[in-house]
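Before any questions on how it binds or moves, here is one chain, the form predicted alone, in structure tokens.
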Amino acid sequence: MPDSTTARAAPAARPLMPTGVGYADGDYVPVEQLSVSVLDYGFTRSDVTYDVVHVWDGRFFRLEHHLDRFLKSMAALRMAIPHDRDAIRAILMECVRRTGLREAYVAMVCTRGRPPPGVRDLRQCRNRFMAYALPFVWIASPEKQRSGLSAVIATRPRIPPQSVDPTVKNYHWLDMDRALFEAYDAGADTVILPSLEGTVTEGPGFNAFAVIGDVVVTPDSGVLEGITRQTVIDLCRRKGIAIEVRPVTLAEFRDADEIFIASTAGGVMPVTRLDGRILGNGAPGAVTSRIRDLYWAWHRDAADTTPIAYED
């Protein structure tokens, strides 16, 4: 038995918060306590950028790609925070570690903040950084993914990129939210918005893909350059699956052999009904299924995953 004068009690383990952990201004709090002032321009003007990365089986997937995009988005909006890349990575890690979650949805957010009282000069705003980790979020449940989603093409066009750059991840979602009600009214699960020019853009939180013959196609502009989108492009090129990144007309999209969507919140998800038309035999197609399997297999690649040091 250790001598009583030298024995030390083991430190008590920190209680985990599996419903979510948030970070702001140096403090980690239950995610429900994370807040934004109603005077923050992120709230009053939607002047904010963010990024979302997921954790699967205790490892971030392509975290460095998400950090690249977040830092690039902040620079595009002339935002700056008192955290460098390494510090942001550490904060995200700590948010997840404090939840104990092995599968998580993790966000980093930068708002414009507030200017001094009586001032409206954007240059005098103190930009504000927040982060949080939640249980994994699915755009489509695993059950829905097995059967396939139903979607419609909206009558409402996407905000043109000349007005709001979609490559800077943002919360300008009113066009997509209103289009979603078109889908709901039609009894569909989700919606894909056209451009003003009559080509396919994207949907609420996801990129769109079609399989035409043996070629995968996806829009080349007017969309967020999603990390999952890029992962699909990368794996197609690695595995010899023909892929084209180009304008996709609504007509060819509607007539596609297969359709799928891609998002950090759910990965590769098949669409088996578009505007009431059943694709194939009403089940996920062979190309979509192969890409989906390859996508999840990639999560075992140590080169593109970052393990989290959980507490014992």
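Each residue number is its position in the shown sequence, starting from 1. Source: prediction; values computed, not measured.
Below: the form predicted together with a small molecule, not depicted.
- A residue is said to contact a partner when one of its heavy atoms sits within 4.5 Å of a partner heavy atom; residue 148 fails this definition for the small molecule in the predicted complex, lying far away.
- Among heavy atoms of residue 262, some come within 4.5 Å of the small molecule in the predicted complex.
- The small molecule is not shown here, and in the predicted complex it never comes within 4.5 Å of any heavy atom of residue 93.
- In the predicted complex, the small molecule sits within 4.5 Å of a heavy atom belonging to residue 205.
- Site annotation in the predicted complex: the residue of 176, 79, 210, 134 reaching within 4.5 Å of the small molecule with a heavy atom is 176.
- Think of it this way: in the predicted complex, the small molecule has a heavy atom of just one of 218, 199, 73, 228 within 4.5 Å, and the residue is 228.
- Partner contact region in the predicted complex: 262-270, out of 245-253, 56-64, 277-285, 262-270, criterion any non-hydrogen atom within 4.5 Å of the small molecule.
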